[in-house]
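Presented as structure tokens, the chain that follows is alone, the form predicted on its own.
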């Protein structure tokens, strides 16, 4: 078992819970990071290669994301050790067992993430009544269906382009990871004039410098096929998506896809992080030194959690789109303006924004009185 205390700092985590339910075949980890601003909210990620460390890093990202978006929630995350491609009836068993095991952890609100969806949230809702990202039939706002995260990526990108002296019309776009976030980001950006020239999924990538038909690619994915079956482009390996020359590069898949070993291969002017923790800090520093603007994950992809939090508050879908647009445009401009004026990484500017709000909230919490005690972690 990993030493969870190696991840602890002044912010958290508040709780780390390992869940094992052999009768259901469930192995999972919950990290409740920081709840100073309110109960934590975050997705349930399902994959075979997840870890406690990844769960903590994702929970921390949610803490920062919720704070930067001024939501009344802290950060949390669940990782489930399982194949995300198992039949839905088996997922239902896992989700019900997970919810039942964490029934008493009221400071965590379940949401969908990679490997889980709105149907999974219904099973959790049915068990314990505490989930967001539900289908419309159950009073939810299905964030993946409406493209809430992609909608936020669009507006973050539009603002960031102002700092690159580029226009969205005619900008060459590459999307790494064509799942719920990637395909909706591509759809919204192409509708505003961007030209998608490269896209990848777990099976491979497709490249066409003349442009790809976004609607046709989405239809392929919705039918259960890979983007590599798109007929009008060059098939390349997944990893080669990094090498495509473009203006905007959007990572929308797994953590650490850009790192010290491959960051030098990127040929872009702007990166907008649609995925959580997709680029290592050293790689972001390298990009900054090369003049490439990198909008941090917890700023750029906050649309999904804003949607989830507003669903929890019974807001309307129309209001959700308006609030995502307002918050993402405002926060992206704040972060990039500070980055330019103080000559710091955009991530550092974003951290300053989020931490200021978290520490303010912590100062009102009774348990924060102990934060200066000797030996406190």
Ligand code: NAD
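Since we're looking at a predicted model, the values are computed, not measured. Residue numbers count along the first chain shown, from 1.
Separately, the form predicted together with the ligand exists; it is not shown, and the next lines address it.
Exactly one of the stretches 93 to 101, 274 to 282, 121 to 129, 212 to 220 approaches the ligand in the model of the complex with heavy atoms within 4.5 Å, and it is 274 to 282. Of the heavy atoms in residue 254, some are within 4.5 Å of the ligand in the model of the complex. The ligand is not shown here, but in the model of the complex it comes within 4.5 Å of a heavy atom of residue 45. In the model of the complex, the ligand lies farther than 4.5 Å from every heavy atom of residue 74.
Although the partner is absent here, residue 149 sits close enough that one of its heavy atoms falls within 4.5 Å of the ligand in the model of the complex. Proximity to the ligand in the model of the complex, defined as a heavy atom within 4.5 Å, singles out one entry of 134, 180, 293, 195, which is 180. Contacts between 290 to 320 and the ligand, taken as any heavy atom within 4.5 Å in the model of the complex, involve 301, 304.
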